[in-house]
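We begin with a single chain expressed as structure tokens, specifically the form predicted on its own.
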Amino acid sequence: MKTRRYDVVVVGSGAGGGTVAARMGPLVAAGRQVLIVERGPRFLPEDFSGNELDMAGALYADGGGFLTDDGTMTLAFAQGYGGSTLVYTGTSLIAPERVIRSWGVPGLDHADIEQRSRRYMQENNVHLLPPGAINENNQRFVEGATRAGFHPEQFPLNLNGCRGSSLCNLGCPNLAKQGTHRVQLPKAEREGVEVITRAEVVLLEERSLRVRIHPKEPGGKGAPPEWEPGEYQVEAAMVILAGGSIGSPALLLGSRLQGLPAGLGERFTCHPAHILVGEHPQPITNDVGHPKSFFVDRGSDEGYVLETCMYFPFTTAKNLTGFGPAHSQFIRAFSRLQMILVLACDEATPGNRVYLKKDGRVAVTYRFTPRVIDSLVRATRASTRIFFAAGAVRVHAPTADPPSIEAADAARSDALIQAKHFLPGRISISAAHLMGGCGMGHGPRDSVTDAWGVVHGRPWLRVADASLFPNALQINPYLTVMALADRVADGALRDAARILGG
């Protein structure tokens, strides 16, 4: 086994790891060695084909089919240079003050999060799309939501040169999305930070990681690994974990470190979601243009958020409840479908956690609370009203029985959509945003890290991703992840002389 030595090793290159990487330039300039370790490949521009089946297997863990341990919910997360910023839609919202205040983390101030978030909004070219770039799927949402008495808001998006391919979740083929793969990571590499891809961290030890470099498979996507395939022992004076709410807790749980906080892996949240569709009598532009331009925030009032969305046929089909003619009727009407993603603003609940099975594989336990079910039912009712107000003739509602509601029954849709029809394993549920598992807090009794991402009792070990969230964020999390990672980087730079020595 080969041995390599670095001053700082960052595990993961997404919104958290990429942000930390971009801040490490001063250490490199001072003669320190900084390494970013990414499990997935470095994708090439020509790799983004836009083909669902082709890209899902390349971009997502388990091809996008990673399931909770009881098989009732899909958890999708990307692996590659840029992490999940490769596949998110670029939505960039500042965390609500009410949420940061409710977390109650000593030393974590909303004004600081907002200031850092605004800096990354500018750095990643976040802006509102002009009216001419809004497709009919989004226009119908605005029209229907307004008529139904809701207040639709426009998403700020981190785009540069968007051509409206609507392929955001499959990796932008036009390189328009300004994720860490386009902004922070290239900056870090220009400043001398080293990045290795296809690099799986198989074991975390005291100031050391065991890393397995995988070869590029014949005919596979992405560039070959930067290091020769094989096993490496990578020693590091400081380690910053940014593998996400699945990866970071899993590494800590499987490590040989003693005395880690007891809450490790707990407080997992994920915004459980449904994809809903409304069928219109005529075709609408839904698979061209940016898919996610507007939302309705009912998080503080009713525990849900509605977002415009567009998923291609395979993903749409697997997320619609039911089988046979009723199911195929919607898929055959794909060009006439308006889509809404409904998110339940869940809360950290005892027992919902990331853990390791006896064979060492990572798993997630998630049980739906009555409050989450109620939020999804309320969101489905609201979306149904929006669809019909926008002119839909038929709506797919998974918590109705049957799950198809005709326009003639629009007036009684609330009565048709009931919590008793929420049957895990019988209806399709996906997790929108994975959060928690290494939560911030006061001390080791109630949290894994402090407000700067430092693991309690181990100043050389830090976390910089969505696993830091002590509770769900209630909005799309990526900008908040970047703001927190920026804080982690500040702390790492501040403590470098003491921890790195020399």
Partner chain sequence: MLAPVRRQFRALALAFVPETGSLPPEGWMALEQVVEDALRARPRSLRRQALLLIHLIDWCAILRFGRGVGRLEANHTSRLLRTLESAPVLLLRRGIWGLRTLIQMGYYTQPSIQRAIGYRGHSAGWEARR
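From a predicted model like this one, the values you see are computed outputs, not experimental measurements. Residue numbers count along the first chain shown, from 1.
The following text describes the form predicted together with the partner chain, which does not appear among the structures shown.
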**Asked** Closest heavy atom of S335 to the partner chain in the model of the complex, within 4.5 Å or not?
**Response** yes
**Prompt:** Within a 4.5 Å heavy atom cut-off, is L423 in contact with the partner chain in the model of the complex?
**Reply:** yes
**Message:** How about E52 - does it come within 4.5 Å of the partner chain in the model of the complex, if we only consider non-hydrogen atoms?
**Reply:** yes
**Item:** Partner contact for R210 in the model of the complex: the partner chain, 4.5 angstroms, heavy atom
**Value:** no
**Fill in**
TL;DR on 238-246, 146-154, 285-293, 180-188: the one with heavy atoms within 4.5 Å of the partner chain in the model of the complex is 285-293
**Fill in**
in the model of the complex, the residue from H127, R118, K318, H214 with a non-hydrogen atom within 4.5 Å of the partner chain is K318
**Prompt:** Between the options G164, G254, G104, G391, which residue brings a heavy atom to within 4.5 Å of the partner chain in the model of the complex?
**Reply:** G164
**Asked** With the partner left out here, if you bring back the partner chain in the model of the complex, are P261, W460 and L493 all within 4.5 Å of it by some heavy atom?
**Response** no
**Fill in**
When the partner chain is considered in the model of the complex, the residues of 184-213 having a heavy atom within 4.5 Å of it are none
